[in-house]
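Shown here is one chain on its own, the form predicted alone, set out as structure tokens.
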């Protein structure tokens, strides 16, 4: 029997959190080996574990997978969260890319210079309420089903609900005008596997605070 997936990253959200969410939603237990110093990262690079010298890296099924999308694609395919056919998969990919676009803006916000933070926040609010959330609300309204694609849970739902939690952290009022998205968030959050992941003490990571940000910047040698 194969061991649990082993996730290599720092002890924070970053580009690994969506992988944690997807594994958790699939009901897959995983272990984590945290990168604590820049020397830990160098060791992974020097021993040939990182194909492109970058993390996240996930050891799974005898492979050392890198590149976030490749890792997510594998997990979604393995655990039947990637649609029934290529048309459903195309929709899932399209929705996931939209989630990633907005998620990237929110994820990079802590790196924003203080003088630019208000402008960035205004851009996030504007794109959230005028571009991204209306698009997803429209999808749910168009077919009247419980999930985005094929009337069953897919990675697109998991990624979107993760994003909705981050949107609420930015400004809880941003979800007010999107009842179908709020219902999707509640539905997915109450799935037993996701509910467990949302409990205190799980492997879900909190928002990045100043201390964690400083540590991450040292690990990745970000000036």
Partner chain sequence: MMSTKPKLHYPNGRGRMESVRWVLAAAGVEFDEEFLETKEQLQKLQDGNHLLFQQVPMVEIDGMKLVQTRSILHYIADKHHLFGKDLKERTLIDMYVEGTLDLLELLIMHPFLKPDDQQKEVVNMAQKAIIRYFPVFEKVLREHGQRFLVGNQLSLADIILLQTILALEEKIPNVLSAFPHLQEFTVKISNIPTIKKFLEPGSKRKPPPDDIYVRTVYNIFMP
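Positions refer to the first chain, counted from 1. As the structure is a prediction and not an experimental result, all values here were calculated from the model.
Keep in mind that the form predicted together with its partner chain is missing from the display, and what follows is about it.
Of the heavy atoms in residue 54, some are within 4.5 Å of its partner chain in the predicted bound form. Residue 108 falls outside the set of residues with a heavy atom inside 4.5 Å of its partner chain in the predicted bound form.
Using a 4.5 angstroms threshold between heavy atoms, residue 70 counts as touching its partner chain in the predicted bound form. Interface residue remark: residue 65 is counted as part of the site for its partner chain in the predicted bound form, having a heavy atom within 4.5 Å. Site residues 146, 194 and 196 are none of them in contact with its partner chain in the predicted bound form, judged by any heavy atom within 4.5 Å.
Residues of 73-87 that come within 4.5 Å of its partner chain in the predicted bound form, judged by any heavy atom, are 73, 74, 77, 78, 82, 86, 87 in sequence order.
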